[in-house]
Structure formats: C-alpha cells, structure tokens
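One chain comes next, on its own, written out as structure tokens in the form predicted alone.
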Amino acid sequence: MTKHAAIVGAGIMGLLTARELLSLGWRVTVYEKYPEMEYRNSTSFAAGGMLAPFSELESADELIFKLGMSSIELWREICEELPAPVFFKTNGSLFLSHQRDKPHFENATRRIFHHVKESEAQWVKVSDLEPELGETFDQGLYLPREGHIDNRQLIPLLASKLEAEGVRILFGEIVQDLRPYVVETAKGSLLYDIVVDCRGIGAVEDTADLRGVRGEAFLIHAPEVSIQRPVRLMHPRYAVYIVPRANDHYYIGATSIESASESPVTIRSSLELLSAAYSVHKGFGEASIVEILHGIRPAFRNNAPKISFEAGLVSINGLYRHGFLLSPVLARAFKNFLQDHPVDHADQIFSFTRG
C-alpha cells in the first residue's frame, strides 16, 4: 500500500523534501499558507540563492561547510530535472575588502584558509576575474568551487514539476494544528503515514530554542554593471553579497538582524546595503530598484539545522541563512534515514524525541 506524507510549508525545504519522498513512491500533499498569488511573499523567495560553503567558514561551524559541499552537486541533479532552464552558475565567488576593513578581512580569510586547501581559496588580481572591479580593488580571495542559483526562477519551476508528477500543493491552506500522523485545517483533520514540518519560522511557537533572524535585500536592474560571479564585500556588521542574475539584474543583500519583525526595510539597512554596492561599482548608482525584499530566517542557538524525529512527525528546521545551501542535503538525509541508509553527520543533525 502506498504511503502518504503531509508536508507543511512549500518553501525550498518543503519542496525538496516532497521531491525526495516522491522518488520513494510516496503520495505527497504539501500545505502552504500563502495563496498562490501571494506565494512569492514567502521567505524562500527573498533569499540570495548563494551556494557558498567556503565563504561561510568565516563565521559558521564546519558542519555547514561539509553539508554545503555535498549540496552543490545535488543542485546540479535538481536543475537537470526541471522543465525549463534556471539561472544556476558554479563559476566561484570573489571575497573583497576596502582598506578600512582590512583587519576584519584578514581575520576572515585566515579562518577560511585554516579549513581548506590553497587550490580551493586563491589570492587573485581582481581585474583578471572581474575587469570592471579592477580600478577599485587590487587583490581578492577567489573561491572557485562556489555557486549561486536564482531562487525566484527555481521555486515556481520546481513546484510546477512536482505538481505535474502528482504532488498536491494546497495553496492558501492554513494548518491550524499538526501532530504525529495528523494535519488539522479549518476543513477538518486528516491522517497520514508521516507529517513533515517545514514551516521555518512559522513553527516558532512549537519548537524549543527557535528564533527569527531578519534578512533584508534589494533586487535591482543595473545595465551599466557587468559582474560575472557573486561578490562578497567585507562589512563590520554582516556579510554583504552582490549576486548576479539574468538580464542585468543583481541581488544586493543581506542583513542579519536579531529580530522577527515583519516591518518594512529600514533606512539604515537601505543605506548600508546600497552604499556597499555603490562602493564596489559606481554603475550601481544608476541602477533601478526592482524590489525590496525581507524575510525571517529560522535559526537555533548554534545556527545549525536540525531534523527532529518522533513517531509520525518530523521537523526540518533551523536553516538560518543557509536555506539554499543546505536544503538539498537535508532532504536527502531524511530520505536516506527512511531507507535505513547511512547518513553523514547524522549525530549532528538528527534529534530523536521518542519512538
């Protein structure tokens, strides 16, 4: 008899979990609180789509690096299955600093080199990789194995593919309660073989130690700029990324504010992010702002993800700012667990409460 899973949350974690369960022959129903016309308001659409495990070594635990390296190869597999091309690049990233931030930059790069081989983090002449940045920056750290993906292209394509293969995505369906084997909505309660909680920050009231970390960013159109790979600029308060997208669009982000506020983006954040972009390339001064983005990232105390199990109920949460970096490998780890296959780093990402 075919098993039936309910997934609560159609962000990137929920969709990739649905993909893995579908590959096992499960029936899958996904509950998404946003109506389809408002789906782009979810946090997954506000992300930068950075696949940057080496960069994260500057501040994150080594677990994030190890999981992230496995994830990049899974993204290749995922993108090949999509019904249309998606903007996905693996041409590395460039880590830069202005002179005033050199002490912070040296500390950050020292932490990166502590974990990786010289071939995986290379000092380069900036003009050799990004000619338009050569006048402002002489030397930078090139991380050749990093990548990026346009999440705003990806998510609708992935959702459409899953629906075409039989996954039911119930948009605008608010889950009032979930518990082992049961999902309850205004229409009543339904039984499943397993319930998977992928609500992110929506699970904060039901998840111990979960907190919100606010991220803010800008999507801009800058036809006077030609940057081929993500640029990370050293900033005293948080990482600033400039991420290329198709048709002269760029993602400028992202703040990391210890807050779960859903208020509009502040003037301070706007000035910091846009001024940082302008300091990298003066062409951003003539860019037009396409969209102002913000989202609340779910994070545990150690900023590492966790898959929590009990009979009939699984929670996958705490991806922090690593949603696109980690979601493929966490979904695959969940699948491998269901098949009794070995899972790398299981002792660090799995938690069993009972059953």
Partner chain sequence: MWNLADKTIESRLLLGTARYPSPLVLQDAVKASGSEVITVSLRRESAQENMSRQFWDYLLESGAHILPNTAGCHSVKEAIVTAHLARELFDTNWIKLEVIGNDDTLQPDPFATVEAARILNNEGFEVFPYTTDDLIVAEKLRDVGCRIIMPWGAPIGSGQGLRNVEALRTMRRRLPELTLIVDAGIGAPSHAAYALELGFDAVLLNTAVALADDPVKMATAFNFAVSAGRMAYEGGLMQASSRAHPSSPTVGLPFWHHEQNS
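Numbering follows the first chain given and starts at 1. This is a predicted model, so every value here is computed, not measured.
As for the form predicted together with its partner chain, it is not shown, yet the points below apply to it.
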Partner-proximal stretch of 149-157, 180-188, 75-83, 207-215 relative to its partner chain in the predicted complex, 4.5 angstroms, heavy atom: 207-215
Partner proximity in the predicted complex: H104 to its partner chain, non-hydrogen atom cutoff 4.5 Å: yes
Non-hydrogen atom contact T266 with its partner chain in the predicted complex at 4.5 angstroms: yes
Exercise: K125 in contact with its partner chain in the predicted complex, heavy atom 4.5 Å: no
Heavy atom of E135 within 4.5 Å of its partner chain in the predicted complex: no
Contact assignment for its partner chain in the predicted complex, among S70, T29, S59, S308, heavy atom within 4.5 Å: S59
Contact assignment for its partner chain in the predicted complex, among E224, E163, E262, E118, heavy atom within 4.5 Å: E262
Members of 229-245 lying within 4.5 angstroms of its partner chain, judged by heavy atom, in the predicted complex: P236, R237
